[in-house]
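As a starting point, one isolated chain is supplied in structure tokens, in the form predicted alone.
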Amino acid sequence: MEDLSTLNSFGLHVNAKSVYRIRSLADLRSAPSDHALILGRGSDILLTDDYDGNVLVNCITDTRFSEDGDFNVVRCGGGRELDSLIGELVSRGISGLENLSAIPGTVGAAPVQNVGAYGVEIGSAIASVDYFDLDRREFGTIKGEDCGFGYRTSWFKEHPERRLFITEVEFRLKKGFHPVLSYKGLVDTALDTPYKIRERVIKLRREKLPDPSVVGSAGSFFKNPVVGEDQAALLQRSYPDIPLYPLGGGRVKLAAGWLIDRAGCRGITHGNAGTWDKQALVIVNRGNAKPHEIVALAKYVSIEVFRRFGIKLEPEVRIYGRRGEITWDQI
């Protein structure tokens, strides 16, 4: 058995049979894939138990740059740290992903959750995703438009039965500087370069989120819920200061962190698990937390939000039990 505490950002001490670090396509062909769990840095998952199988860790990091007309084309190995790639893009003067700076995790994991921050989602820049199908033992490619990117979801997440190890992601980033500065904290005309936006984003994240090298967490634990306009209007009548983000089509996004805070759950503790005192949306390991403590706290938070607002929270993190991925309702 091998300890996975360094392979999940919560730092939970759970085990797997064996761990295989995949550094090349040849490694993939030879690695045991039966009942294998794919990990990058484990930054958006919750392991609720020991895993009864092997773990394949994506360590493919090769990166290539080219140009195609008005676009910069970047092909990056799925095992590279996303923030490392963004730092290099900015140093090369390539814009488009700087709003996603300091998001923990790998390039290969980013399309699965369609990670996003400060008005930018990574799916908008993805041209294609290369993968190895662990069950069919074959390589393939999915075009960006076929990835089903949505709010914190994608085709990969919606079809867990297809165990795809993402080997490489191709990004197409329009040349020039096209800043997205609509979110609070970025509305500033002084942010006139990708580097300045990156530095501001990093500063904002450090002000409200725990340092992942010090405090274990999976970032935002819950998704921001989306409701209809009528329900949003009812909530606003009762809570005039509630943040509302119209999405069009009669849909409105709510701020899960605000709901959790108003439900009295910011900064609370259960055992060795707690919600972060500067951002209630983040559940943290306060030191040697057990998986069941994280689960119990998250369940309590979701119950309190539903009791107060009638809103059902859904986890943003992916949840894995002894035999593989499980749903929130199965815990």
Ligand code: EPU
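This one's a predicted model, so the numbers in the text were calculated from it and none came from an experiment. Numbers for residues come from their place in the sequence shown, where the first is 1.
The following text describes the form predicted together with this ligand, which does not appear among the structures shown.
- In terms of contact with this ligand in the predicted complex, the residue from G87, G93, P243, G148 that brings a heavy atom within 4.5 Å is P243.
- A heavy atom within 4.5 Å of this ligand in the predicted complex is found for exactly one of D261, D133, E199, E229: D261.
- Only one of 62 to 70, 27 to 35, 272 to 280, 285 to 293 places residue heavy atoms within 4.5 angstroms of this ligand in the predicted complex, namely 272 to 280.
- In the predicted complex, this ligand sits within 4.5 Å of a heavy atom belonging to A218.
- When this ligand is considered in the predicted complex, A255 lines it closely, a heavy atom lying within 4.5 Å.
- In the predicted complex, at least one heavy atom of N224 sits within 4.5 Å of this ligand.
- By the criterion of a heavy atom within 4.5 Å, L181 is excluded from the residues contacting this ligand in the predicted complex.
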